[in-house]
Structure formats: C-alpha cells, structure tokens
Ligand SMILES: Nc1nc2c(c(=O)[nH]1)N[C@H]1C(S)=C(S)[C@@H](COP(=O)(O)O)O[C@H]1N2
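Given as structure tokens, the chain that follows is alone and in the form predicted alone.
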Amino acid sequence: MRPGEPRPGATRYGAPVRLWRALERRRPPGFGRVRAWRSPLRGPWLTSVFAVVLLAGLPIVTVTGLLSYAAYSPRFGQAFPPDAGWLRLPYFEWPTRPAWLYRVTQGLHVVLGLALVPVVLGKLWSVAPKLFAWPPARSFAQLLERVTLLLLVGGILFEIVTGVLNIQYAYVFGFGFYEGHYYGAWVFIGAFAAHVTIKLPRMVRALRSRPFRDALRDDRPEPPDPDGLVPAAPRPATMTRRGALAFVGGGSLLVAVMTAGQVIGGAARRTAFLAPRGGHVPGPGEFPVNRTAAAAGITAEDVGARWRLVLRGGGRTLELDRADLLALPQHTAELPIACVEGWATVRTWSGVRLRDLAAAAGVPEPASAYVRSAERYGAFNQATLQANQVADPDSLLALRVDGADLPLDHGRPARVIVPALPGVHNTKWVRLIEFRTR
C-alpha cells in the first residue's frame, strides 16, 4: 500500500463505522442494555406464536374498520375525513341487507380489536430487546426494518388508545377522532404489510424449528438467534411458556367476554362491563342512549304540539303533525340499531315507511333523502340516505318502539330507523326530510 493511499474498505465502510461509534457513545439511558432482558421465555418461537395470532386477527379488525367508514356513505361527504384524497375508498352503496350487517361488522371490529390488546402487549414484551437495541441500525436494510417497526408499533398503539377512548366517550385528544383513527389506520396498514413481508420467512422458520407441544413442555432458552431476542445470560424461569400463553390468551378471552355482551344483547348485556356507560339499561323498552335530548338542546317546544314534519321534493312542500303521520299506513319491523362504539340492540319499531313519505312528497323513486334533526348542538344533526336505504320496505320514520311512543331521549316525536345503517345516521327528533332526484 502506497503512502497516503486509503486502507482497503475505508472509503466504503469508514463513514458508517464512524457513525455507529458516534451513536454508541451517545446511547440514551436504558437503550442497548441487552443484559437487562433476561427472561428465558423470550425467543423467535414465542414471538412467532403471538405474530400468527395477530396476523390472523388484525386484518379482520382493519377490514371491518374500513367497512365502518364506507357505511357512513362518504360520497355524500358525511364520513370523516370527508375528503381522504388518494386514501379514499371506492364509492359504493352500503347495503341494507342483511339488516344485522353493520351490527356484526362494527361489533367484530370493536370486540376483536379489544380482545387482541393482550396479544399485542405480549408481542411487544417478547421483542422488547429488539425495540431498545442501540444503535438502532447498522445497515441500510436494518434501518428500513427499524422504520417499519417504529411505524407498526406507533400505529397500532395509536389505534388502540384512540379507539378505547372513543368507546368510553373520553375525547381528551386535540384532534377529531374519526380523522385521526382513519389516517392512523392507513399508517398501520402500510407498516403492517411491510413488516409482514420482511418477517414472514423468519416467523415460518421459527414455528417449524420445533413441534408446538414440545415447545410448550420445554422451558429451556431457545438457541441464540440473529435478532437477539434470546438472552445471552438468562435468569431462571418464573413462568412456563405454557403459562405465558395461557395468561395472554386468558386476558384476551376475559376482555372479549366483558365486551361482546353489548353486541349480543339480551341477558349477555349484563356481562358487558367494558361497554360505554355500563351498557345495560334496566326497564322494559329501554336501551342505551348515546346523546340525550338535554345534550342535543331539545326543548319541550321542539317536540310538543307545535312540532311539524316538513317534507320536500317534486316541487312541493308538505307539513305533517304527529296525528297526520299516525293516519298514514303504519308498518312494524324488528330491526337492530348499532353504534360505532360497538353496542347494539334489536327493537320493534313502528311508523311510516320512508318510501311512502317520498311518494307523498311527489318523488316516488328518490336518488337520496336529506334528513335534518331539530338538534341544536353536535355534528350529527343531519344525514343523507342512499336510494336503496329509502326504498327498503323496513326503512321507517319511527313513531313508536316496543309498542310505546318513542321516549324523548330516543327521538320523540319521530326518528329514522334503517336496516344496517350506523346508529348515528338513524336521525332523532326529525323535523325535515327532503327527497332528491339527483
């Protein structure tokens, strides 16, 4: 080597090596101390078991969440965000059949999403040494892997926290829940797809490395792995692998039991301890109320003798009082009502078919129907219904529920009830319906 000539590899590797050494000298407290993570249970096999469960469950939670967005009819600008740009889902008419469609999709989204929280926490515990490794990356490929891991962990924790707070009506964050949850979901989807692409071969190898039963019975540490999940100096085990999986699985089952009752309804609702506001409302003809009349600013004058329903369409305007509506042909249907928070109930509704009101307004085949509430406060005092939702034979302007007049908090004197429609768009305290031809 001639004087002044760079050493072999210095030009190629010198800068990364200097960067790695600089990062090593500036290690944050708590990072890079792999000796602190000494549980003998950690290893590729246990991490892969948690990963398989999440790989099966998280796509279902994601798809049902996107279906909830579609159920809000974003083409009418009433889903949030109203304009998602290139993240917008293709427009399609949300079906009214089966009538329990939204109840099942949103119930599955909430119940399964909550039930997977213990599995997510178990997975994060199993890869903790990897999360706190320092320096974070020693190659470009490792850097990409770390970035996807950061977005994946951040995305799923963001979705869990905002989702749980929304279920309990605790809007402590300084942004709109629906917008944040929607965009956060796409961040998670991208990171999840990238992470699965990178890690799937390793997961398959880890699961094939030993039979499932043998892995449960053998609590010795796994062989050293390239990811550094297996501790170099493990402590004695305080729990078996079988116990760890039972602990996480039992936690998921407990969460599911304490949540699913609000979707199943009936006597099971009494077990829904994690449902918003307790989830169970005693008394015949009673069911949960998301928004009371007092919270909506509804007064006795709004729903009293002066109340009139205004119908518009076909170049005419009609005003009907409650007696006029009761004089029209009445229809009764047993339909569920389900909310985005996950709760649902099936009730017997009676009232006038929306398609009969459309015909009375001079629009027998409306393209849509704009419904306005007497509600003074809130972002959901109006809704636009699709043509198929107006035409469904069980879509009603309900005047009674379970054989009695609508309670005030449930929309007296009249509310909309449509099969498979999100509860918030079953507008209460209706004062205007405008049937549109385009």
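Keep in mind that this is a model prediction, so the values were computed, not measured. In this text, residue numbers run from 1 along the sequence as written.
The same protein also has a form predicted in complex with the named molecule, omitted here; what follows describes it.
Undergrad: Looking at heavy atoms inside 4.5 Å, which stretch does the named molecule contact in the model of the complex, given the options 38-46, 391-399, 55-63, 367-375?
TA: Only one stretch passes the 4.5 Å heavy-atom test: 367-375.
Undergrad: For a quick test of understanding: in the model of the complex, does each of 287, 423 and 426 have a heavy atom within 4.5 Å of the named molecule?
TA: Answer is yes for this spot.
Undergrad: What is the one choice in 241, 146, 291, 130 with a heavy atom within 4.5 Å of the named molecule in the model of the complex?
TA: Checked against the cut-off, the match is 291.
Undergrad: Among 116, 337, 260, 206, which has any heavy atom within 4.5 Å of the named molecule in the model of the complex?
TA: The residue in contact is 337.
Undergrad: So in the model of the complex, does any heavy atom of residue 384 sit within 4.5 Å of the named molecule?
TA: Contact with the named molecule, no.
Undergrad: Quick check on residue 69: any heavy atom within 4.5 Å of the named molecule in the model of the complex?
TA: No.
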